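Take a look at this one chain, the form predicted on its own, written out in structure tokens.
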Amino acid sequence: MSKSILVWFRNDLRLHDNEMLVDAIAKSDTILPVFIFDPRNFEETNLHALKTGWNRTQILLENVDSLRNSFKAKGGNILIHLGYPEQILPELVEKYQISEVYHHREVASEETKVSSAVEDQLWKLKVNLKHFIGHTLYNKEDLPFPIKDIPDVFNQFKKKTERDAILKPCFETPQVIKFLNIEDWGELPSINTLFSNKLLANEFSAKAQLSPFIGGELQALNYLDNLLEQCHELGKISPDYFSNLSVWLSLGSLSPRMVYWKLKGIEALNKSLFQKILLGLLWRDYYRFMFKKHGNIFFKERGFNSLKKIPPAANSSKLKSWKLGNTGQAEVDLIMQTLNTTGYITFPARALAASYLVQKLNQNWTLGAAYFEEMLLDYCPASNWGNWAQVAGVGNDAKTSAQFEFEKLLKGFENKKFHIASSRI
């Protein structure tokens, strides 16, 4: 009897360096790639923001479409559904006699809750949900310490990891893939289909052409290659330089290991570029491992500081003016207006806007984190909520929190255009 494995794609929308896909191909006769648009990801939250805004939705659609085209080029496709994974995946398992389901493990609470619900339903069918890790530069088993002993201080994590951790090579991109024969692979949904609030979707669509980035694995790899070609011209990298690779890293259309090994090849030509981007990759890993270590505490208002006084999570006029970029503070307003139109601002810009909301407007920090979640093209739960917790003084590293004092950040914010327009990576 032939064996078919269902490969459930989420934030891993690529063929290159994808252990989950490589393993599924090796251990099956045919695979069934699946992507599910979960309606819960496009609803309003209790923090006065959408779970996913227009810009994030647009780049998600572009990434899924790019992956579909990559599979088509290999004689197959990806099955697209709109609905709840815990309902759809068991139905597909029964319909197509699937032997096993593969997916990448997440670390944030809402994503892991969905995985657990899927696993529970599959268990009733005696089908295994196999977990893979593919979002970080380093795999957890290759770190020099168990998750429970990872240092909370970033500099300690960085030093020990760079010195003692094992960095694996990339998995090869599959050249031959045998797909399950499917009659109807489903259509890519429109934004109006995904959003229950049609007026809001139409409002966002008017800003479509202002985003400077296009999603997809091909776009990501081309951008990385162009970056490498320019390494000679860039010269020594200043602290203000940002590569913008986080746009593609966030949805997994670009592998952090691919970034590392390609940059490693030109380290001798431009060491400062290599070190700058490696630092960003380590920050991404750090927050994901912190979420793995500490769980949902990063989402809680008081976080690691139970004595911290936090304002109510009210949809106040101050919050609204901050979101609109209408506070009267010139730098913050420019940052927020840029975020609203492009879906992208640099890490220094994020830090300045966040510290202003928390320290000057005295608003609940979780409302700002939720708005960034709605708007940012490169939204990553661990990095976003981890950084906001540090800004609010409720993070796990007091030394890092001390760096987010608004006046100090403002003084260093001299080259506004460069800081705003180009993320930590």
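Numbering starts at 1 and follows the sequence shown. Quick caveat: nothing in here was measured; it's all calculated off a predicted structure.
Form predicted in complex with a small molecule: not shown, discussed below.
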Among 332-340, 270-278, 176-184, 103-111, which stretch has residues whose heavy atoms lie within 4.5 Å of the small molecule in the predicted complex? 270-278
Though only this chain appears here, would Phe347 touch the small molecule in the predicted complex if you measure heavy atom gaps against 4.5 Å? yes
Is there a heavy atom of Phe372 no more than 4.5 Å from a heavy atom of the small molecule in the predicted complex? yes
Might Val394 be said to contact the small molecule in the predicted complex, defining contact as any heavy atom within 4.5 Å? no
With heavy atoms only and a cut-off of 4.5 Å, decide whether Gln219 touches the small molecule in the predicted complex. no
The one option of Lys323, Arg284, His135, Arg257 with any heavy atom within 4.5 Å of the small molecule in the predicted complex is Arg284
Identify, from the list Cys231, Leu194, Leu245, Val118, the residue with a heavy atom within 4.5 Å of the small molecule in the predicted complex. Leu245
Suppose contact means a heavy atom within 4.5 Å; in the predicted complex, does that hold for all of Phe35, Leu60 and Leu224 with the small molecule? no
